[in-house]
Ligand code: HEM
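In structure tokens, one chain follows: the form predicted on its own.
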């Protein structure tokens, strides 16, 4: 049996990296029966496919997210994609994100860590990474009248439905119902005619339904992947005392630590594409309408690009060559927001919990088929 034939969804969900290494060595583009499609594991070929949206599109009825929330910037290409994405480009550009949200995110991260100080121990994904991600997206989109717990419930159901579809399920009703509730909240925010981002984008060339769909997509990035990115960065840095000490000694190394964590464990392990026409990719022929799973997790650990790819190394010279934020027209809109959130969280921890240590026995690494995040990041410190 070939490596491709032996791949299971369970292995990809639990710890995909050994499987992905074996698969890449066998063939960097391989037909994997478990996903009923091709899996791309080479960084070079992954980037080529991401950049060629005219050949490898997201605009297909099988695209899981679109089946739950409808068309959005995530599930369209060409002029339609540009129309969906354009109103959000400036608000999520580096200058505006830092101006509008930078200081607030730093203050919110410090507030959350200050609240944790007396306890001397905490699970940092659920007590720091997650609430920071939720609070930030509520403020960013202007959904300030929505109870955070309600928003989290909607979001969780939508994500669970999308993940279930990726694993072969077909029932979208639960996710659709949650999205309907989110759409109502978006409509109320728009009608308030305030200065919110949602009201701003509604004045562009988007319908109310399209604003809601794109808001849901942004929530994916701002909650699921930002929470995961921050939690993974905490786990990686706290689990490597030598590199933690290096960052404590020289804070200019913190951005490197964050980027290396992004590389080592991307929050979105893979992205979906569909072949518009028959085309060669690597040494194989992709047929028209074939499904491709582009593995960002595999591309980020390609030994042709990254020396000792499974090692967390904040001095790695090319760590920013990771593919975590995607290449091409679908490059992640929230890249700057993700970076300031993760930086703010880690800075607050280093400043306010100077003797923090990981509890390795109570912590657990990332899991997930599509979206991956640490199960637990348990740490302890002297409450002072």
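Numbering follows the first chain given and starts at 1. In this text the structure is predicted, and so the values were computed from the model without any measurement.
Unshown form predicted in complex with ligand HEM; subsequent notes refer to it.
Heavy atoms of residue 330 reach within 4.5 Å of ligand HEM in the predicted bound form, making it an interface residue. At a distance threshold of 4.5 angstroms between non-hydrogen atoms, residue 268 is in contact with ligand HEM in the predicted bound form.
Ligand HEM is not drawn, but in the predicted bound form it has a heavy atom within 4.5 Å of residue 85. Contact check for residue 154: no non-hydrogen atom falls within 4.5 Å of ligand HEM in the predicted bound form. Proximity to ligand HEM in the predicted bound form holds for all of 74, 221 and 341, with the criterion being a heavy atom within 4.5 Å. This chain lacks the partner; the member of 81, 125, 240, 183 within 4.5 angstroms of ligand HEM in the predicted bound form by a non-hydrogen atom is 81.
The contact with ligand HEM in the predicted bound form, taken as any heavy atom within 4.5 Å, belongs to 92 out of 92, 312, 274, 306. Here the chain stands by itself, but in the predicted bound form one stretch of 321-329, 353-361, 25-33, 38-46, 321-329, has heavy atoms within 4.5 Å of ligand HEM.
Along 133-151, a single residue, 137, places a heavy atom within 4.5 Å of ligand HEM in the predicted bound form.
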